[in-house]
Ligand SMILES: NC(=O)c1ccc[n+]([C@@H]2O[C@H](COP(=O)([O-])OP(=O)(O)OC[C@H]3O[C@@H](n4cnc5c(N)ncnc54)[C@H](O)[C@@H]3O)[C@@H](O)[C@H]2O)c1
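Only one chain comes next, encoded as structure tokens, the form predicted alone.
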């Protein structure tokens, strides 16, 4: 992958830097050719580079204009791939009921690494959608039990769908996938859409308790309220399980988090900031490692089948900028999108 001046020169062959701004809609981003393995590898590499302190990424800047909503400003740069930009995303959980529109939205500004000139404005939702489950399964690659036979997905929205769709890429020996959503039609829609693509049965759990007690690896992708609202009792969670959280500690009792044998986060700085915002009123557990430290081989992952391991990944801009670099390049190559005057 080109970087530095060679990369800038390549961009200059496709657009006039400083005069052209490439605009890519969500549909155009979704149509770009990207393989699941490519996205996974890019995301895992971003995690490693971040934990090796080879990126520049401040913790998320957040706004909370209405209770239980948020905006996140997520800037990052990655020298290895000459990628820099900002994702501006929001989540309004009541949007479906109030306005009939989706709860999450995001846009990205992509900049020339050497001059800072804006190069593109593009959808940021699709990037979030495809890289988030890859972070979960990068964690599972090193911290789930080998040969795990069961996986549980709590939350059947966009992230839940993507988690279930690619689960067997990492957990290849799964024999059953359990799904649960408070909005039952979401679970039913997920099964209807994905069962033809997934090699093992997908089953709608009758309750959170059934899902938790039946699954060796559990992922959660639900809303993040201002204060955690535990739904999963500590007594349901067993030694040997791996918990992949995309929604902070929203669903779990503090006792579960505090008794984990290993508790990992994608970014210590980012979770400390979230703690300051009040997302962890009982405090963060002792942090064993960042996800990238484990993926990069700097700290061991699972060392025993009896370990309870919690992987708390809230999402990082470095993951977006790593995947975005490839999406931007592919759009230029394939002449996708349209140029606007800067």
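Given the structure is predicted, the values throughout are model-derived calculations rather than measurements. Numbering follows the first chain given and starts at 1.
What follows is about the form predicted in complex with the named molecule, which we do not show.
Taken together, the three residues 132, 156 and 222 all come within 4.5 Å of the named molecule in the model of the complex, as judged by their closest heavy atom. This chain is displayed alone, yet in the model of the complex one of 237, 91, 205, 86 has a heavy atom within 4.5 Å of the named molecule; that residue is 91. Shown without its partner, this chain lists 123, 112, 253, 247 as candidates; in the model of the complex, only 247 has a non-hydrogen atom within 4.5 angstroms of the named molecule. For the named molecule in the model of the complex, the listed stretch (310-318, 23-31, 296-304, 47-55) containing residues with heavy atoms inside 4.5 Å is 310-318. Though the partner is left out of this view, residue 128 does reach within 4.5 Å of the named molecule in the model of the complex, counting heavy atoms only.
Contact annotation for residue 216: none of its heavy atoms lies within 4.5 Å of the named molecule in the model of the complex. Contact check for residue 193: no non-hydrogen atom falls within 4.5 Å of the named molecule in the model of the complex.
At a distance threshold of 4.5 angstroms between non-hydrogen atoms, residue 269 is out of contact with the named molecule in the model of the complex.
Interface residues of 174-207, taken as those with a heavy atom within 4.5 Å of the named molecule in the model of the complex (partner not displayed): 180, 181, 182, 183, 186, in sequence order.
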